[in-house]
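Before any questions on binding or motion, here is one chain by itself as structure tokens, the form predicted on its own.
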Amino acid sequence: MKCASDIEVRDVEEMYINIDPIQAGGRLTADAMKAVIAYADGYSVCDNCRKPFRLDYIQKPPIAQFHADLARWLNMDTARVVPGARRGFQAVASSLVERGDPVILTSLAHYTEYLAIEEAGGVPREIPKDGSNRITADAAAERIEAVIREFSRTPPLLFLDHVDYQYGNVHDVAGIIKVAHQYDIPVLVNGAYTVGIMPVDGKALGADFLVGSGHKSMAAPAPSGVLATVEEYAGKVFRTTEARGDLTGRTFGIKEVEMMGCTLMGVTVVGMMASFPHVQERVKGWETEVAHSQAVVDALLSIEGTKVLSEYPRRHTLTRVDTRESFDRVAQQHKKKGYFLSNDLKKRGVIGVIPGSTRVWKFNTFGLTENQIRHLSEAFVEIARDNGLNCL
């Protein structure tokens, strides 16, 4: 790279309807954009950092209040902002898991959950999904029993995705947590695809830990996220340092070990804060978002041969579809092969489907307007008809 001018201007959100599964909930608000510019310098939020010199104590900008507001909004006792959901997984696993411990997660879990377990020295054990790609309480109970028999001890932690990233299915979180608690297993709920886009009540779910992603679902810059806990575990996961230098005698106040002292600084935390009022408001429109998702899925299903692999009717805006008997049939004969679909969508102002994907692929309609939903639905049907596919 020779100079800053070599960095291309990113204009996809301004120029296109973006249905990329991981980007839909992370679009910054106008207020966040302004805050990012004002606090772009690395240590900008530290202008007024005073004793005890910790991020969540800073009053100006109101970062301390933001932490309290986050916990209250999620109905949890304590919250910290973290550099992405994965750092929340890491903090909890390193606090609760010892080397050789079995840790339960689901067969639909995100890879970072496995990495958090591996780093802590744990051994992952998966709850299988059923034929509808759902995780059930019965399957969780069976797996817990099997793991206890295998390891002759109870797992110290269970990871559970509120909505999984593969199918966008809403799982029986409350039921599964109820089962886990019967064995005294604490549960971390991965809300990367729920916190910030739909109403989430941590205590109503029964969560011991609730993790959200700022850049995936809270209209925040990357990397950002939130880790919230109930009081029972706050002292363990947010433990403060006891380290002392053997030669200097240095100590480090109330810095939190799993947080590495401080977490989000500058752009990330201020952008997250600036979007927060909008995020709190937008979750109230979740039913409309789901209706939009359903409309697009129904348009796709009107194309002969198309299947939806996610639960139906839809309860989330992330959906996985199988078009091997529709768009992929076109791709076999088309001069552009599988790239015809993404090309034809782009001509119609739509991006976000991975170029070359015509077999099994995902999309996310979150945040689109009524007109954009209509245009997207019509675009899929038009492309199908233009390429000789039958539509109902």
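For every residue, the number given is its place in the sequence shown, counted from 1. If you're wondering where the values come from, they're calculated on a predicted model, not measured in any experiment.
Separately, the form predicted together with a further copy of the same chain exists; it is not shown, and the next lines address it.
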Partner-proximal stretch of 269 to 277, 227 to 235, 294 to 302, 195 to 203 relative to a further copy of the same chain in the predicted complex, 4.5 angstroms, heavy atom: 269 to 277
Looking at M259, I185, L74, L96, which is the one with a non-hydrogen atom within 4.5 Å of a further copy of the same chain in the predicted complex? M259
Students should find that, of K34, R359, R329, K337, the residue having a non-hydrogen atom no more than 4.5 angstroms from a further copy of the same chain in the predicted complex is K34
In the predicted complex, is there a heavy atom of a further copy of the same chain that lies within 4.5 Å of any heavy atom of T136, even though the partner is absent here? no
Would I22 sit within 4.5 Å of a further copy of the same chain in the predicted complex, counting heavy atoms only? yes
Would you please decide whether E287 lies within 4.5 angstroms of a further copy of the same chain in the predicted complex, comparing each non-hydrogen atom pair? no
With the partner left out of view, is L309 within 4.5 angstroms of a further copy of the same chain in the predicted complex by any non-hydrogen atom? no
Three-residue site E8, R87 and Q90 fully in contact with a further copy of the same chain in the predicted complex at 4.5 Å by heavy atom: yes
Are there residues in 364 to 392 with a heavy atom within 4.5 Å of a further copy of the same chain in the predicted complex, and which are they, in order? none
